[in-house]
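Quick heads-up: it's one chain on its own, the form predicted alone, in C-alpha cells.
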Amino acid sequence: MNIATNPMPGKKANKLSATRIAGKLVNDYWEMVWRAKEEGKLICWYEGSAINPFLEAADICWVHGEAYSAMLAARHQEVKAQQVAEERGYMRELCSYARTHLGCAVSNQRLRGDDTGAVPDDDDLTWKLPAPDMIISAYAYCSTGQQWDEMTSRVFGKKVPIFNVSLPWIWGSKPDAGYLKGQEWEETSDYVTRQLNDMVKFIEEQTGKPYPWDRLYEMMADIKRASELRLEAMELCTAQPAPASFFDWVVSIAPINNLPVAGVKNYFETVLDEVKARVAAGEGCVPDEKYRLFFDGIMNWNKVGWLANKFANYDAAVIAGRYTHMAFWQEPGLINPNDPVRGMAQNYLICPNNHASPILIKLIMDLCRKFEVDGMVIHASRTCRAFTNPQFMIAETAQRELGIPSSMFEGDVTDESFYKDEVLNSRVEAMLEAIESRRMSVVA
C-alpha cells in the first residue's frame, strides 16, 4: 500500500491544548463588542493592520473586519451575511472578508430602519455587530481595503468620520533595498509614522480627550513580549517531529492580532510551555510525521479543523506558512515600548503582501529551509488576489532552488462554496507521490 495515496482513516491532528484558551478569549472579546453600545463606548471599525492597541488605549471598542468575517466562517454562520451583501449588489468575486463584513453592515442598517416591530434572532450574528462611530483605514498593499471602508461609509450614509492611513508597497528596487533595510525602507517608515501620529490626533478629536500615551506604552511592552514568546515557540517547530502545526498558529492569530492586550502575554507563555514539553517528550502535531509541508495562502476559515485532520491522515505535518510566520508583530525587535509608534509602523509595513516578489520569495524559501519542508501546499484563495498573485512564482522557485514539489488548490477565506475536497485530495496525493519518488531516487 502506498501511504501517500491511501491515508490511514481516523487519524486526527494532535492540536495544542493551549489553543483552547484562544477560543475563550475570542468569545469574551466578541461579547464585549456586542455590549459596547449599551456601555456607552465609542466603536471604531477597521481592517488590515493591527491598529487596535491605539484604540484600546483610548478606551475605544475596536472591530476588525476580517476577524469578524473569520469568526462567522469558523462558526459556519457566514452564509446569511454573504447573501445579504450579494442582494445589495456586491458580487461573489469580491473579497469574501469584505463581502461578509459588508453584509453585516447592511443587516445592521436594515435593523435600524425596521419599523415592523420584528425582534431579531439573538443567535444570528449577522445583525449583532454594532454600528461604527468612526472608521480607520490602514491597509497594506490590498486596494480592496480602502474600497471596503468607502463602501462601509456609504452603507452608513457617509455620516461616519473616516481616517485613512496610507501604507505604501515596498518596491525593493533600489540598489540598497532589502528586508528591513535601505533608503526606501527608512523613508517609508518615517512616512507611515507621521500618519500614525496624525491618526492619534483624529482619535483625540473623536474622544474629546488627550491621548493616553502611557497606556499605549504599557500595552506595546506586553505585545512585544507576547510576540517574542510566539516566535520562540514557532522556532521550536524545527524539531522532528514538529510539536505544533500551521493550524495551531492559525488558531493563535486572534490573540496576537486583534484581541485585548491583557491576556495575550499569558496565552503565549502557556503555548510556549506546551511546545517545549512536547519537544522534550518527542511528541508531534500529527500522530506519525512522515512529511513536512509549508502552507502558502490565507487560511480557509470554514475548514481549519477539517484540514488539520486531513493532513494528519496523510501523516503530513504542515509546519509553517506565509500567513502565520510572516505577519502579526513579526519583528518585535523593532518596537521600543517607550517610543513605539515607528516600530508599529514598520511592523504594519512588513505585511507579507506588501513586499516586492524577490524579497517575499526569499523570505519564504528561507522558512522552507529552516523547517526542512518536503513540499508546499498552496491555497489559491478565489477572492484574495493580493495573496494569490505571486503563488506560481513561489511554486516555481521552490522547485528550482529547493527541489520541493507543490500542490495548488482553490478555496477561499470565508466562502466555503469555492472549496472542492476532491481537488485538494488528488493534488496533495500527487505531491506526496512526488516526494516519495524523490526520496527513492536519493536512496538509489
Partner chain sequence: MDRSDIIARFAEVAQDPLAYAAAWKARTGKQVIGSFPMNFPGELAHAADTLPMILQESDEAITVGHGVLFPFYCGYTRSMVDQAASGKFDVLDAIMFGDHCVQLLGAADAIRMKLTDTRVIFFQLISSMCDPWTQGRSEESFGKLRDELEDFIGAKVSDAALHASIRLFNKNRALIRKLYEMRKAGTAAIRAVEMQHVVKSSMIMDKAEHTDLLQELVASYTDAPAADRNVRLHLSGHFCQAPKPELLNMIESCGVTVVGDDLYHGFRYISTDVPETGDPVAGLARWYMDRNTGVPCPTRVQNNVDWEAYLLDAMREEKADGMIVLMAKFCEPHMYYYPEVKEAFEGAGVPHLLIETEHEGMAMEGLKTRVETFVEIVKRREAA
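Numbering follows the first chain given and starts at 1. Remember, predicted model here, so these are calculated numbers, not experimental data.
Although it is not shown, the form predicted together with the partner chain is what the next lines describe.
Taken together, the three residues E87, W171 and P358 all lie with some non-hydrogen atom within 4.5 angstroms of the partner chain in the model of the complex.
The partner chain is not shown here, but in the model of the complex it comes within 4.5 Å of a heavy atom of R385. In the model of the complex, at least one heavy atom of M91 sits within 4.5 Å of the partner chain. At a distance threshold of 4.5 angstroms between non-hydrogen atoms, K158 is in contact with the partner chain in the model of the complex. The partner chain in the model of the complex comes within 4.5 Å of a heavy atom belonging to E410. The partner is absent here, but in the model of the complex a heavy atom of Q146, alone among S227, N258, T270, Q146, sits within 4.5 Å of the partner chain. When the partner chain is considered in the model of the complex, only one residue from N108, S153, Q346, N300 comes within 4.5 Å through any heavy atom, namely S153. Heavy atoms within 4.5 Å of the partner chain in the model of the complex are found in one stretch of 276-284, 207-215, 194-202, 230-238, which is 194-202. Along 379-399, a non-hydrogen atom within 4.5 Å of the partner chain in the model of the complex is carried by A380, S381, R382, T383, R385, A386, T388, N389, Q391, F392, M393, E396, in order along the sequence.
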